[in-house]
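The structure tokens that follow cover one protein chain in two forms, given apart as structure 1 and structure 2.
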Structure 1
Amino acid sequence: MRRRTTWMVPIAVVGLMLAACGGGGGAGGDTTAAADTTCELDQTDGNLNLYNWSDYIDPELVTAFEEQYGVEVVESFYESNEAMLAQIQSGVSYDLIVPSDYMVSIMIEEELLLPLQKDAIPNIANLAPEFTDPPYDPGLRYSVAYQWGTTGLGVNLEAVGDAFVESWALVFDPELTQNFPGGVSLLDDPRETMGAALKYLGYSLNDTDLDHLAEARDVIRAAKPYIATFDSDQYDEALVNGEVSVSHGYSGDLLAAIWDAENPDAYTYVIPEEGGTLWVDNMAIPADAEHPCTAHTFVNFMLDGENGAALTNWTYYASPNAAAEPHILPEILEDPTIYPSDEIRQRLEIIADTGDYEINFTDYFAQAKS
């Protein structure tokens, strides 16, 4: 069982704190310095400023890295790819970030990532074959898979009833949601939540027809009387604390909350029949990283088989690391909600970088929420 330690430091405050600390990152880093640095295997060049999703690494792994390499890991957190991108674009410097698939592509295009020095990451050979040449970063020039999972719904069975329909209607149909104690929670994430509404309407979550996006916006608007919150951090606790009846969220976070709950049988995690997101989060080094060699060493550490398994055994997300498999708990490896069956996978889509169209997801999502 993992113990959750969510504590969100306001992102702007984190940026200021790091800027004030000198060695801990700061605005306007020198991009050439990182690009000109050659890193050897196991080399460190200072503390690691890790900018990650919350609840996404076992604190014991952080301690093990610190003890093995004699450096500190300074953790900051974000709740969406777009929030992370805004920080990097504004010049706040971190040594390692964990962007999802489509965001890797966007950041490569914007020249925000440092090319990886593979000689410093021999454990890259541990990746399972399906993660070695992803469409968002062909040849892994800038990123390496960290964890993967799905986005779906956590459901309180007592509130919703055992015979519920496994559909996005559980959050979008007011005829249903009006009966749910506390209502429902939706992710505060433009691609995920607009994508869920698009799937509910029968479209791809990468659909780029503005009329369809307007329909998706209106689905969310119509559902608003019973949407308790748009939230990407506390939705799992909100479900098992009984604050909401259905929570839109990420597989591992919802499963961890359900399995840790006093009455786990009262909840379930489902991927709606209309389909949802399969995502891959990745380790990447920002172009202006101040400690690129520590970052490479951290990537190599996380790709070790036993460390990769320790990560999955704590997060309940699937591992892209083939060498980790023998060390992953059987109840995780065999759980079809963590490692989806081929049948479920056919319903899933990876979010794609839509280029100039991307801003529409953010704008229409803001309109839906306002």
Structure 2
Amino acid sequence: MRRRTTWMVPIAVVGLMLAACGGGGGAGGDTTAAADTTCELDQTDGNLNLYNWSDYIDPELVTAFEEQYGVEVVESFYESNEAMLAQIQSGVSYDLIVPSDYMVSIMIEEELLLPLQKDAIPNIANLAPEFTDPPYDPGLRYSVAYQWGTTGLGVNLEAVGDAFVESWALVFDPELTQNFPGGVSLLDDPRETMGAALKYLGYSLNDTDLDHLAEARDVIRAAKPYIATFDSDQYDEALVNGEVSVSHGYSGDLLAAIWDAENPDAYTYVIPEEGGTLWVDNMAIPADAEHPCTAHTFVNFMLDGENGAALTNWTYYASPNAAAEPHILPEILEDPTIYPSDEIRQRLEIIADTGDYEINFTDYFAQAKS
């Protein structure tokens, strides 16, 4: 499973980083060649330099693409959206990246992404309707969805009991958490954790009212005596190793850890009743890609129905590909923790780029942890 680590850099800081690196277009990289290249269906123009989250694609899919198109896929990995952004800005050239929703928005604004040539990606028609006009990239001008999932809670049933309420209270109510062996783990991520506290209070996780943000900060402060750690790396292992009773984290990571545990029935993953985060990872081509046609061909390959299913069957994250559904394992497709019901999805939100307000999430989160 790939591990999501989405530390939100304040937009003002991102702007300074971009300015220091020479502005949009990849830190002085030659974007003209990529922008002027017309790509045909199934065309390749060199090997594919893929910059992805670790363990986020079935190796057999990579081999199949290489054999079908006679090219090599050179894989590099990053641990956060911001690490990827810094690399792109430093002038390192990649042909395809997999940014999360809010990062797509940032990279579009900074002119770091190449507009997609839809004629070279006919399989884009396979996307489910809800992924064809996302708020972070209206009309899919620069990106297409790769995988999606949720942020919720992994629960040790032996520690918490079977009759618990599926609520953010499991990590924020001291009356509950004081009874949990080892306490709880929260993501070390200002948008996710402040967002969870905002949802617990009945607000949007994208709320930009400072008074509401202060309330969320104070909720975390009050729970702090029973928060064992703020961790975006080992939270899933901490849960199944018995170090904490409840872990705040990403669906695929927690589900993978639970299914691999010696006693998987002792754990469960829940989306709190107040709602939470729905995130979408996307395929996008950097503006200075050296092999944009191979990148378009790879995107089209991954959007094939059977290939999209193979990806989900390997990662256990949900597929945005409607044509993939007949080929997805029933135990995955029918699992409500992977594919939440419409009722639950109505309570989920995508993290939005709030512009200059981002600094407040970071500042108030730092205050909550201090």
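A quick note: this is a predicted structure, and the numbers were derived from the prediction, not measured. Numbers given to residues start at 1 and step along the sequence of structure 1.
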| property | result |
| --- | --- |
| Number of the structure representing the form predicted in complex with ligand SPD | 1 |
| Rigid-body hinge position between structure 1 and structure 2, taken from 148, 170, 296, 98 | 148 |
| Rigid-part reorientation between structure 1 and structure 2, C-alpha based, degrees | 19 |
